[in-house]
Each structure stands twice: as structure tokens, then as C-alpha cells.
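Listed next as C-alpha cells is one chain, alone, in the form predicted alone.
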């Protein structure tokens, strides 16, 4: 059954043949309706088992703290059945949108079948693995068969850049800051859509967390599945090495006005009180938790504040005795899911502040909250004050 689906999809997409894959990451374990549960349980009833290492994206429940998700009994039951079915199929219960932080890191040039847009972009761009944006149900079929259509970003020619983004005139101080990369990613997705871009002029030392934030925003605001950063990402030692051989590339000189305008569009509220703070989309890393601890300096948060992360990171945080310090000051740590895909936020609406470009993009439509985008430092200061606090220095 799974192979039939893979072959039919390959034919629909114009692939001439299939390619073996070395791993998969499954997005279909997030409950959207009963049909998804029936599909997964049907695979279980027919003794389906994945044949490659396979991790699981977020579900619709925090299994470690079930009371944090305010779903009706039917939704909770079906979401739990769906998550259980995927574990029975042999998938690893990572429950994270950042499997690369849970040890799932395919190597340069490896063909994989990953779902979840930010994970796809990270695998292609930061790790140099090869995957398309695989959708729900199709992802598990690839995992069961160990095959994916040989097309799109699996092929050399489609991984070359058709757009060159020159950031040479962007402030060096801004490019060193975490707050820049979700904005750059949002602009990139809005501007290039599904094209492959190479970004030139960024610092040679960029943390994985910054690249993670860039890719997550680009794959939310657009359909970016791969970007290159010249001198940073593994396939782009130089601009020339990744430029397309066909036609002249589109060259965009990134201006301060472009990036400021994009930053402003990420917010739908701009002043006054906030009702919640949420960070961790993609899921928070240990490095980001360390920065949160440094910025908060023992201060009490006045508004409900949520950090979404994976179980693996939570275990490391618990080992480092970092959980109690945060929870005592009003921070709730959410695992297995996140506040944008599950009903966790209090009440029926309000204003939420975030440092995540992905959260900023999805929050109004998914939660009913208005959103304010700022740096992690801004989010901490606002949570402590109970109202919007943003440092505009870098943007000037």
C-alpha cells in the first residue's frame, strides 16, 4: 500500500524513478481530524513498520503534562491514538519540530524524506542532506518503503541558487544579533517563494540557532526548502560554487528599509500591555535556554510565559538543574507540542509577544491572539514589565 502511494505520487510529480532514503521525519502525527488517525491505525493493523530511522514531529498533546492542553475529550483521545499509532509503526517518539537537536542529523548528500517545513529547510541548508517538503501521510509511506521520488531538491541542478541576496549594506551589529535572522528569513520567504537563494555578506561564524531561525521563518512566510549562506553552509564555500548554470541570477541588494519593513509586518500590535509570551518555534535549544536564563537574571515574569522544546533538550535541562529556576519565576516549559498547534494559551485572545518568526507568522490565524515580534531580550523585558518593551537601537 505504501509503495503504491509513493509510486503514484512520484508519477504525479514527474519523477522518473525513486531513490533510497536513509531516514525520515514524520509531520503526520499532529492531529487534524479523525481520518489521519484511521490512516495511521490502518498501517498498524497491517503490520506496517518503518525501515529507516524515523523521528516524530510535534503532536497535539503534551504527554508529560496533559493538563496544559485544553482540548475536548474526543480531540484528546484521538490525538493520543494518533501519536501511539506512529510509535507502534516503529518511529522514535521524539515529538519535536527540531529533530536535528535530538541527534537526528543526516550527513552531507544523504537522501531523506522529512516533513515539517523548518526541519526540511534545516536538513537541506545547514546539514546538506537532501529532501523535499514531504506532506502528511506521504512522509510515513516513504519511511515504510525506504524510498522517495527522485526529483526536486534531491537533484543537483535544483539545489543551485537562482537568486543572490547581497547583505553588504546591512548593519554589522544587526547581523550579529539573534533578532535579525527571523526577520531575514521572513523577508526571504516573502521575496523568493520556493526559489533557492544564496545569501552573501553574513558573518562567517553564525550559530545553528540563528540558521534555524532563518530557515523556519523562510519556510513559513514562503515555500523555501533550501537556502545557502556563502562561506557558512556546507554546499556554499563561495557564491560562485552554488550559482545556477542556466541564465543570469536575480540579484537583490538588501536594504535597511526592506528589513525594517519586514520586521514591522511581523507585528499586528505595537504598544500597550501583553497577555502572554511564547518562544520556541522551532523548539528551544540548550543554548537558547542558557541565554534565557542569562537575560532573566532571576526576575519574576508578570504574564504567562511559555517555552516550547523537545524532550531531549528538557532532559539535558533537568540534568543541569535549569527547570526549577525557570518554573519558579513563572515560565511554563511545553514539550511534545507547541502553543500554536494546541490550545494552551489562556483565554480566547489577547496580545502575545515572541522572538520566533514562525510564531509571529502563524499566531493571529491559529490562536486568535494579536502578536508582537521582538528579540529574546525584548520578550524577557516585556514579560517582566507586563507591557511591550522593545529596544529599537539596532533597527535605527
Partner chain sequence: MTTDLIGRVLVPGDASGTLLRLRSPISFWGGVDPRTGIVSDPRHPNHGDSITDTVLIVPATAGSSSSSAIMLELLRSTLAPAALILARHDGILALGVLVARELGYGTIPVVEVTPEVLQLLPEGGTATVTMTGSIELQ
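Remember, predicted model here, so these are calculated numbers, not experimental data. Numbering follows the first chain given and starts at 1.
One more form of this protein, predicted in complex with its partner chain, exists but is not displayed; see below.
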Is residue 27 one of the residues lying within 4.5 Å of its partner chain in the predicted complex, judged by heavy atom distances? yes
Any non-hydrogen atom of residue 136 within 4.5 angstroms of its partner chain in the predicted complex: yes
Proximity of residue 9 to its partner chain in the predicted complex, heavy atoms at 4.5 Å: yes
Verify the contact flag for residue 42: yes if a non-hydrogen atom of it lies within 4.5 Å of a non-hydrogen atom of its partner chain in the predicted complex, no if not. yes
35, 266 and 366: each with a heavy atom within 4.5 Å of its partner chain in the predicted complex? yes
Between the options 223, 290, 87, 173, which residue brings a heavy atom to within 4.5 Å of its partner chain in the predicted complex? 223
At 4.5 Å between heavy atoms, only one of the stretches 61 to 69, 47 to 55, 323 to 331, 340 to 348 reaches its partner chain in the predicted complex; which one is it? 340 to 348
Which residues, if any, of 372 to 396 lie within 4.5 Å of its partner chain in the predicted complex when only heavy atoms count? none
